[in-house]
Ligand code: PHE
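Just the one chain here, the form predicted alone, laid out as C-alpha cells.
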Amino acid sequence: MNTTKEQWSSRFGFIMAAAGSAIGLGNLWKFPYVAGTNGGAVFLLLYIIFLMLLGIPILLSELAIGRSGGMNAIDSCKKINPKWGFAGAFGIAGAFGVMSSYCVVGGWVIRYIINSFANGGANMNAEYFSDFSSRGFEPILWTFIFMAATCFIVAGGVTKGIERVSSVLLPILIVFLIGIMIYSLTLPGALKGVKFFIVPDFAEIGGFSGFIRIALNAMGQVFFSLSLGMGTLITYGSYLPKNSKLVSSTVTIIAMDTAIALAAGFAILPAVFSFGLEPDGGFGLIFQTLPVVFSQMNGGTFVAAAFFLLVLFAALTSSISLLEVIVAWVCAKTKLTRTWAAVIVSVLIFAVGCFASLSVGAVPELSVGGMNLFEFFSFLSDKIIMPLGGFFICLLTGWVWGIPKAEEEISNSGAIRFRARKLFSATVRYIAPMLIAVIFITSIFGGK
C-alpha cells in the first residue's frame, strides 16, 4: 500500500489550501441565498451555534485521523480500525457527488466572467441564465473547461499544484471580496440588507416547524461550507508533519471560513436590498438577481467581472480539494501516476456532470424523485452522504479510536496542552452525533 510521500511546505500553505477548501461556493454562492431564504439573522445565529457544536469537533477529528494515518481517507480510517474504512469511503463518495454538480456551477461562472468582460454584462438579465442553461452544448463546454483547470492543478501535486495555487488565489479572493463588500455597503438603502442579515426577527420564523426548518438548513450549511464528511480534511491532514498544531489550525480555518461567509453576506445582501430585489432567489441569486443589480450600478461592469472572478477563485480552491480526495485514493490503490489518476477521475466526474448540466435546462426530464439530476446530486451529497460521513467520523474518533488516543494525536503526544479536551469529548461522542442524526432523519423523511 502506498503511503503519503508529499507534505505541505509550510503552515501558511496548508492553511491557505485547507481554508480554500472550506471557502468555496458554499460561502459565496450558497450561504447568502440560504440565509436569504431562512430568515437572515435567525439563520446566521443558528449557523454560528452549529459551527461550534459540529464544525470544530468534526474538522479537528478529520485532521487528527489524517495526520495519524498519513494516507488517503479510507486507509487512514482503516489504520485506526481495519473495519472502519467505510467512514472514509463516505468522504470519497461525497466528494464525487459534490463535484458532479460543482463543476457545472464552475462552468456557469466562467461564462459569466467572459460575458462581463465582453459587453459589461448588459444582457445578463433575469432571463439570461434560463436561456444559457438551456443551450445544451455550451454549458457543457464551460463545465469541461472548469474541470480541466481543476485536473491540471491537482496533477501538479500537493506543493507545486494545490498549495501553490491556493496560496495565490485565496489572498486575491479575500482582497476582491473586501472591495466588493465595501462598495456594496456604501449603496443607498444598504442598511436594510445589513439589518436583515444581523438583526434576528423571530416573528419571521413561522412557529416551531419553521424554526426546525431553519435549524436543519443551518446545520446542513455547516457541513457544506466546511466540506465536512467528504474526506477533504482527512486527506489534507495526511500531508501534515507530526509537529503541526492541529487545534490552532482548526480554529484558523473555521475563523477564515466564517469571516468569508459573513463578508459574502455583507457584499451581496445589502446590494440586493439597495435595488429593491428579494434576497430569497435560491441559487439563482448570483446568476439571475445579482447581474440585474450590477447592470444598475455605477461601474457595474467592473464590479460584475470582479465578483465572478471572486466566485471562480473560490470554486477552484474547493474543487481541487474535492478532486484530491479521490485522486489520493486512486493512486494508493492502483499503479497509476498522479497525472493519470487525476485525468481519469476528472473524465468520470465530467461525464456525470454533463447529465447534471443538461437536467437544469436542456433536458429537464433527467430527474430522480421530482428533482432534476443537478438538484439530486446536491441533495444526495449535502443531506445524506456528508452527514453520514460526519456521523461515522464522530463515532470512529469518540468511541473506536477513543478520546485518550485522539487527544494524544491532537496534543502531539502531550507537547501541546489540549485545554478543550472535555468539551471535545462531549461534542464528538454525544452532541455532534445526535445533531447529525436529526439532519439525516429529517432529510430522508422531509424530502429536499
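Note that residue numbering follows the sequence shown and begins at 1. Just so it is clear, the model here is predicted, and its values are computed rather than measured.
If you look for the form predicted in complex with the ligand, you will not find it shown, but the lines that follow are about it.
S.K.: The chain here is shown without the ligand. Which stretch in 78 to 86, 162 to 170, 225 to 233, 248 to 256 comes within 4.5 angstroms of it in the model of the complex, by heavy atom distance?
M.R.: Partner-contacting stretch among the options: 225 to 233.
S.K.: Out of Val428, Leu25, Ile436, Met16, which one falls within 4.5 Å of the ligand in the model of the complex, going by heavy atoms?
M.R.: Exactly one residue meets the criterion: Leu25.
S.K.: Which one, Thr289, Ser116, Ser378, Ser321, lies within 4.5 Å of the ligand in the model of the complex by heavy atoms?
M.R.: None of the others qualify; the residue that does is Ser321.
S.K.: Is the gap between Phe307 and the ligand in the model of the complex 4.5 Å or less for some heavy atom pair?
M.R.: Phe307: no, not in contact with the ligand in the model of the complex.
S.K.: Would Ala35 show up as a contact with the ligand in the model of the complex if we use heavy atoms at 4.5 Å?
M.R.: No, Ala35 stays farther than 4.5 Å from the ligand in the model of the complex.
S.K.: Quick check on Met386: any heavy atom within 4.5 Å of the ligand in the model of the complex?
M.R.: Met386: yes, in contact with the ligand in the model of the complex.
S.K.: What residues, if any, in 92 to 112 have a non-hydrogen atom within 4.5 angstroms of the ligand in the model of the complex?
M.R.: If the 4.5 Å heavy-atom criterion is applied to the ligand in the model of the complex, 92 to 112 yields only Tyr102.
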